[in-house]
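One chain comes next, on its own, written as structure tokens: the form predicted on its own.
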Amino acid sequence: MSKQDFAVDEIARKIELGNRRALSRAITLVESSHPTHRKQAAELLQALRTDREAIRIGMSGTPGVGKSTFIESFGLQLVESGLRVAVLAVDPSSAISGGSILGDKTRMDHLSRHSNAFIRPSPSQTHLGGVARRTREATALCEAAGFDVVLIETVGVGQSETMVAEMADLFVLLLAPAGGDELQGVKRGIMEMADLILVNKADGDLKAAATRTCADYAGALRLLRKRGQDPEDFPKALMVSAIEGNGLHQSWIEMQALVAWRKKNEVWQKIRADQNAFWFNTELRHALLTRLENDPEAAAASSAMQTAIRAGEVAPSVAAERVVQSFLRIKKT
């Protein structure tokens, strides 16, 4: 993608008109790490209108809980009610080959064919936190394209999956019934971040187990420290069945109620402002580290320190400080 074949103003205009091809092309651009593309991506994001707000819903869940099935059923309910829904699904990348399967469009066959839905799978590129590094920027593009709801599906579940909470307005945790000692197995941190816990597969033989599991989580949530960003009865646990469609409408009602309360009490704006500050600091750290790695003299100093560390001549923390000081001296000269 060269500068000649990418006109920022033209792409921005097409995105704001809801052009899917332009949106896909723009997401490809923001996901690129090429310096020229990064510059173009920054110009594009700056050129887009900012008066459109979607409800950003981050979704995580234990392996086998049925995230894709739930998102398709939930997404179909939303689009059939007249809403436009974008799904940003993150697939794990191989630490060896770097490749990803990117199979979410095939797992969400019905939703992917709906005219009011847009599904974009992206590789995690081994980025920690359950989301791709540029998922936040892709979310902003979907908002500018006029989508009403953006569903952000993470790689899986774990302590690091809470990164999605830093780019979503609502954080939904999907859990399966009869999954063993999940209250112990699921990290406390991700439960503290969740706005809504949905116990999926509440159907057939698993319905009784789902009822018990939901009650266990509802009790556990009452023991957590009260958050200032919630009304009195949140966070809460509900039962759903993605296959039968049970509980999906009620889940959406609860999500809308939480959004309305947060907007009324000016919590919505504060959360988004805090998230912007978080991502500023994240980008700043990454930019400084990239400059440090790309500076020839700093890279040489880093290589020398690594040799000294392996030889046991210097502690890692001391070595890191010496490399930073060396880089700062280089910049002053």
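From a predicted model like this one, the values you see are computed outputs, not experimental measurements. Numbers for residues come from their place in the sequence shown, where the first is 1.
From this point on, the text means the form predicted together with another copy of the chain, which you will not see here.
- Note on the interface: of 260 to 268, 53 to 61, 66 to 74, 279 to 287, the segment with non-hydrogen atoms within 4.5 angstroms of another copy of the chain in the model of the complex is 279 to 287.
- With a 4.5 Å cutoff on heavy atoms, residue 297 does not count as touching another copy of the chain in the model of the complex; it lies far away.
- Another copy of the chain is not shown here, and in the model of the complex it never comes within 4.5 Å of any heavy atom of residue 36.
- When another copy of the chain is considered in the model of the complex, residue 28 lies well away from it, no heavy atom lying within 4.5 Å.
- Of the heavy atoms in residue 17, none are within 4.5 Å of another copy of the chain in the model of the complex.
- Every member of the trio 305, 316 and 320 reaches another copy of the chain in the model of the complex with some non-hydrogen atom inside 4.5 Å.
- Residues from 36 to 51 that approach another copy of the chain in the model of the complex with a non-hydrogen atom closer than or equal to 4.5 Å are 38, 42, 45, 46, 50, in the order they occur in the chain.
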